[in-house]
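The chain below stands alone and is given as structure tokens, in the form predicted alone.
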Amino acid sequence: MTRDIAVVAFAQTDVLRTTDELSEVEMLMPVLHSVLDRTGLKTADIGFTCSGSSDYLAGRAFSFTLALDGVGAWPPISESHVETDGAWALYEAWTKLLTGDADTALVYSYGKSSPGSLRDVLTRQLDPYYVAPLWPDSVALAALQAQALIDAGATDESALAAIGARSRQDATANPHAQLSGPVRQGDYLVRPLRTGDCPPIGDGAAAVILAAGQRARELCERPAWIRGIDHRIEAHALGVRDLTDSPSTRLAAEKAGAFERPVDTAELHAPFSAQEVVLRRALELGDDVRVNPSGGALAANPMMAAGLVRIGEAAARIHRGASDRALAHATSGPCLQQNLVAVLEGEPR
């Protein structure tokens, strides 16, 4: 890397079970205004804009073009889009800033899961020839992964319940969380996963601003410097994967420099309790690491924004001095198929 790049601002919506009265643009506008206000920047000051969303959730093609109304695309702006979680939009913006073509970037993502059956919609992520025609939904596939971990002796149902309880207890300090405090473990959705092991369905949006070098120091008192970021993918065919492990997460973490020095915080995008077990092992996180102090995806899981939220939450802890070196993780696809890892650091205090 030839430039130092940092997250200098982060904003997110409250994640709600439904936002029927709001369009994607109306949901997004307050977040965009908030993240810009935190830096004093105007839209015209942003050198590059990148977004993440999904046409499958929106139910129409090129839906992201409507969201540009919230950004303001006139006069013309330098803009791009990824059809996935906003964490990957952040990766694209980071590479753009590395080239020196821009000094600042706005990254945002959003998703409304409430209008349709999310478990069915997510089957569109599967292999279209051999797996998708069988219609295995996202919860059933996560249950296969959880059962594989239990059969391997890596966890049990009581341990999974404890992960869910801890996450939602931590979320009591997060005003944007959808679920917080004591939440019943509930009935089985698909064995061995109960409702408490699964993420809530909700709508939400998030945005961050990146800046390079001295510009970052001008915009933020304590920037969260991106010391490394990388993303990898598992084989598309579930049958050739070991669902108890995540080699792609481990490799992404290695390339991002996560194993060079210990981290004090880890924001893991683990929508199901069993996936936190997999990620902790792949990332070699000890008990001394604070995992998901925001409550994580088990407290709020806005599709296409939850991964960007993990990076934003990790950065926000560095901004306010609660963390010095944090790891952020994002995932997409069934059973942790695609994984991104970022390492963020604050300057010595």
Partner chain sequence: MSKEPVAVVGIGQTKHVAARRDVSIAGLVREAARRALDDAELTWSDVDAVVIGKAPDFFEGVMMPELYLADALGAVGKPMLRVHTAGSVGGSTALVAAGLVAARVHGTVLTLAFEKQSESNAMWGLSLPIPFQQPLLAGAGGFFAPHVRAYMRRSGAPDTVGSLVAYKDRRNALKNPYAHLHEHDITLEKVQASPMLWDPIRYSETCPSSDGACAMVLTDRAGAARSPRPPAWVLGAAMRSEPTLFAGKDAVSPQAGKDCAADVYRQAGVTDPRRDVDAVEMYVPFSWYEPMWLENLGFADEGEGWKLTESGVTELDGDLPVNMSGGVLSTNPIGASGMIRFAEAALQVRGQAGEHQVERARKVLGHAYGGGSQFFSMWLVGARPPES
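Note that the structure is predicted; figures quoted are calculated from it, not measured. Numbering follows the first chain given and starts at 1.
Separately, the form predicted in complex with the partner chain exists; it is not shown, and the next lines address it.
Engineer: Contact between Leu98 and the partner chain in the model of the complex at 4.5 Å, heavy atoms?
Structural biologist: Judged by the heavy-atom cut-off of 4.5 Å, Leu98 is in contact with the partner chain in the model of the complex.
Engineer: Does any heavy atom of Asp69 come within 4.5 Å of a heavy atom of the partner chain in the model of the complex?
Structural biologist: Flag for Asp69 set to yes.
Engineer: Consider Thr13 of the chain shown here, and say whether it contacts the partner chain in the model of the complex, taking contact as heavy atoms within 4.5 Å.
Structural biologist: Output for Thr13 is no: heavy atoms all beyond 4.5 Å of the partner chain.
Engineer: Although the partner chain is absent from this view, report whether Ser114 comes within 4.5 Å of it in the model of the complex, heavy atoms only.
Structural biologist: Residue-level check for Ser114: no, no contact with the partner chain.
Engineer: For the three residues Gln169, Phe272 and Arg320, verify that every one has a non-hydrogen atom within 4.5 Å of the partner chain in the model of the complex; reply yes or no.
Structural biologist: Not one of the three qualifies.
Engineer: Heavy atom within 4.5 Å of the partner chain in the model of the complex: which of Arg194, His236, Arg250, Arg227?
Structural biologist: Here the answer is residue option His236.
Engineer: Report the residue, out of Asp137, Asp245, Glu157, Glu79, that has at least one non-hydrogen atom within 4.5 angstroms of the partner chain in the model of the complex.
Structural biologist: It is Glu79 that has a heavy atom within 4.5 Å of the partner.
Engineer: Looking at 283 to 291, 31 to 39, 59 to 67, 311 to 319, which one sits within 4.5 Å of the partner chain in the model of the complex if you count heavy atoms only?
Structural biologist: Of the options given, it is 59 to 67.
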